[in-house]
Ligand code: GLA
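For reference, the chain that follows is the form predicted on its own, supplied as C-alpha cells.
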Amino acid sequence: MYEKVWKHNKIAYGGDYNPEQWDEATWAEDMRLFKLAHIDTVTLNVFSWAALQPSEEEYDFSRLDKIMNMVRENGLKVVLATSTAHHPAWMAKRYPEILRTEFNGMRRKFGGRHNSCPNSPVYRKYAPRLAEKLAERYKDFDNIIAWHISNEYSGECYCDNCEKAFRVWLKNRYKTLDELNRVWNTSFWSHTFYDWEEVVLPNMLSEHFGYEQTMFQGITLDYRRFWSESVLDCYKLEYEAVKKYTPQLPATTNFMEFYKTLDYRAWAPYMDFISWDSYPSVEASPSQMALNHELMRGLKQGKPFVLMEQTPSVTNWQPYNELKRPGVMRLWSYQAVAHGADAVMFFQMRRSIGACEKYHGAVIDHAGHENTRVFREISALGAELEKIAERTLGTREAAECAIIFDWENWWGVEYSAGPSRLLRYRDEVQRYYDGFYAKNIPVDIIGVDDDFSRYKIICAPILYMVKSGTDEKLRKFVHDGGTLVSTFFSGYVDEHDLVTTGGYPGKLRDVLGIWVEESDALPEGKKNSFIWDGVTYESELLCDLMHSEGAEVLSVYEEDFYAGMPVLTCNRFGRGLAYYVATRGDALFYERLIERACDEQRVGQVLETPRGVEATARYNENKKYLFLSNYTDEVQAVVSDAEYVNILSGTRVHSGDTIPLDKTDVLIWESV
C-alpha cells in the first residue's frame, strides 16, 4: 500500500543542474560543493536539444556523456530530462509550421520556450526520436532514477495544424454534425455547421472578445479539452519512447500547481508519479501553499509526489522578488514533505550568468563558493534529511474529508457569460480548504471520477457543471451517510455547458432540498449579511434567492428585498446530510461550517495547535509522522497528544508535554 515514487533510500535532495552552461573546471568545483550541501540527486539535460541535435540527422552526445559519467562517478542520482521543451533554431527555420500561433492570431518566430505546436507532425517526429535516442544511450546507467519528460508544459497554439486536428478530434467525439450542432447550441446566432471544414478555432479572430470572454462557451470548452489532450499526446509519445529501452524507470513531467490550461487530472494516469514546481507568490498564505501540495497528492489518490523545483532563495519573474527570510526555505520544504513529498528539489544548482534566469536563486550563487547564507541553509537542511533518511518515504496522509476540484468545471465557470466577472473557481475552493486547514483537519483534493465512498464529508464548491453520472455518485454518497457541502452557482449545466432546465441546482435539487429562483451578483465592495448560531457573517459576491423544498433553513439574509430568504440550509437525505451555502461568507463562517460538519461526522483534527501552527501527519502501517510548522513571527507552544520521538533531535516527547516551537521552525515527531 505504501510505495515510494522511485528507488532511493532517502528523501531525494538536489535539483536542476545545467553544467552545459559552464566549463569543466567549474564542474569539479560543483561536485565538491554538492557534497558539502548533502545533495544527492540532480536533474540533467532539461534544455539541451540544440546541443544534442545540431542538424536534422546529426546527434552529438559527447558533452552529455561527460556530464553523465561525472555525476555517476560522484555518487549522484539522476533525473534525466528529454530536453524537448525547446526546439532548435534550425528546426524552426527549416520547418516554420512547427511554430505556434498566439491567441490573437499572431504567428510566432523562433524564440522563447514551449514554442512548438503539439499538433505539428515535425515536432511529433523529432521530440520522441530524441527521447528514444537518450533512453537507448543511457539505459545502462544504474544511477538514473526517473525520466523527466519535457519541462513545464504550458502555453497554447491556434495555428492551422491545430485547426485541422481540432476538426478530427470533434469528429471522433461527436460522430455527426447534428450532434455537434446540438451540444454547441448552434441555433443561437446562426452558427449551424453543415461541413466539418466550416469549424474554426475559438480565439480573437472568431468567437472571443477577450481571453475569457467567449460568445460560444461550448466551442471554447471543447477547445480547452482538445488542447489539453493534444499536449498530453506529445508527452505520451516521449513516454513510450523512453519506456522502449528503460521500462523499469518511472517517468513524469513537472506540473505547475493549479495550471488552468492543462487538465492535470486527465494527465495523472499517464504519470508514473506526480511531480511539480512550487513558486508561490510573495503574498501566498501557508494555506494556499498547502492546497497546492494537496492537489498534487490527490492526483494519484493520495500517493506521494516529488517537489521537482522550488527556489532556494528568490524568484526572478514576479512583480517584486522578495528574498526568502532565514528559515523559510526549510519551513516551506518541510511543508511539502508533510503534505506528501518524497523529494525536495531546487531550481537551480548554480546561478546562470546570462538571460532571464540569471537573477533566479540557486544553491551556488554568482559568488561561486559555500560562504553564503543560502548555501549554509541548504547544507543544514540536507544534513537533516539524511537523519530522516527513508522513514517517511511512501507514507500517506489519512483524510476522511475531500474537496472536489474539476478542470472542466473550472473552464466552464470562468468562460460563463455571467453572473459575475469576480467569480473565480479556485478562490472559492480555497475558502473551503481554509476552513479545514484552520482546524488541522486533513483533506484530499479529488475529482468527480474518484471514489466518494472513502470519505465522510465532501465539499463541492461551485459545482457549476454536473457531468453525466456525477449527480448519481453524490446522491449515493449522501444517501449512504455522507455529508455534502454545496454552494451557489452549482448544478447549472451539463458537460457541454448546456443549462439543465427545470430550476437550479438542476440534478442536485432533490439531494439539497432547495430550489434557486434567482442569483444577485453584488458589485465589488457591496455586502449583505446573515446570522447563524448567534454570530453575524458578511455575505458577498453572489446571493442566491432560494426556496426550501424540505431542507431545514439554518439562516436567512438580513438585508435587501430578499431579506428573510434562506441563505444556509441543511437537507436530510437518506442517512446523510446536504448543506447548501447560497453566498460567499467570511473566513470565520467557513471555519464554523466545517467544524459543525466534522463534529457531526466525528472527524477529528491531527492536533490542536495555536493559530498559525500547522499540524500535518503522514502514516504507514506501523508509524505516524507528525509535522508541526510555525508560520507566525513568535514562539508558539504545542501540547503533545501521545508518545513520540523527535527524529531530528532524538529526544523523547511524552503525552501532555508542552513543547516550544520557534518562529519558522519545524518539529518532526515519530510515534513510538
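Residue indices: 1-based, along the sequence shown. Worth saying up front: this structure is predicted, and the values here are computed from it rather than measured.
Not pictured, yet referred to below: the form predicted in complex with alpha-D-galactopyranose.
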| field | Per-stretch contact check against alpha-D-galactopyranose in the predicted complex, the hit in 493 to 501, 400 to 408, 510 to 518, 145 to 153 (non-hydrogen atom, 4.5 angstroms) | value | 145 to 153
| Interface membership of residue 227, alpha-D-galactopyranose in the predicted complex, 4.5 Å heavy atom rule | no
| said: I'd like to know if residue 254 sits close to alpha-D-galactopyranose in the predicted complex, meaning any non-hydrogen atom pair within 4.5 angstroms. | reply: yes
| query | Should residue 47 be counted as a contact of alpha-D-galactopyranose in the predicted complex, where contact means heavy atoms within 4.5 Å? | reply | yes
| message | Can you work out whether residue 184 and alpha-D-galactopyranose are in contact in the predicted complex, taking contact to mean some heavy atom pair no more than 4.5 Å apart? | response | no
| task | Work out which of 317, 188, 561, 209 lies within 4.5 Å of alpha-D-galactopyranose in the predicted complex, going by heavy atoms. | result | 317
| query | Of 279, 196, 174, 90, which one comes within 4.5 Å of alpha-D-galactopyranose in the predicted complex, counting heavy atoms only? | reply | 279
| Within 4.5 Å of alpha-D-galactopyranose in the predicted complex: residues from 345 to 371 (heavy atom criterion) | 347, 357, 360
